[in-house]
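Single chain ahead, by itself, as structure tokens, in the form predicted alone.
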């Protein structure tokens, strides 16, 4: 018997990600894991398109089924599944790019790779490291990326008795 796919619950932290993304532009959920944030972005109908990025094929296959079987989602809506690590994306990234649920070191690898290959063209970066924040912030302040983006807001969010940061960087 096939597994019943149910629409995920979105935490307040995940809702903050969607709420702080720029409307009417693409939304990129990089390291999307099970795609809960991207699904919330799809449901909001406020983005031109939604991109899900994760390197695990079976996660992306399940996500594709979930989107197509959900009565609350229109599978004709512009969404794209990219089975790739964030640092290996090979296309221009516009709109809002969210990188959350990974460490600061991973966020740096993704940003460095996209920047060096001139794919990082996002209007807004939403960065929420789970660890290595002490490495990420100095990097963002001193790297060539700092000439393109400025920190506009830092939001501290509570989730499961932990405080998680959300750094919002906007294109200068």
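Just so we're clear, the structure is a prediction, and the values are computed from it rather than from any experiment. Residue numbers count along the first chain shown, from 1.
Note that the form predicted in complex with a small molecule isn't included here; everything after this is about it.
- With the partner removed from view, the residue among 63, 42, 122, 110 that has a non-hydrogen atom within 4.5 Å of the small molecule in the model of the complex turns out to be 110.
- Looking at residue 100, you'd find a heavy atom of it within 4.5 angstroms of the small molecule in the model of the complex.
- Although the partner is absent from this view, residue 86 contacts the small molecule in the model of the complex, with a non-hydrogen atom inside 4.5 angstroms.
- Among heavy atoms of residue 34, some come within 4.5 Å of the small molecule in the model of the complex.
- Taking the partner from the other structure, the small molecule in the model of the complex has a heavy atom within 4.5 Å of a heavy atom of residue 55.
- When contacts are defined as a non-hydrogen atom within 4.5 Å, none of 20, 136 and 162 contacts the small molecule in the model of the complex.
- Stretch-level contact check against the small molecule in the model of the complex with heavy atoms at 4.5 Å: of 42-50, 26-34, 138-146, 112-120, the positive one is 26-34.
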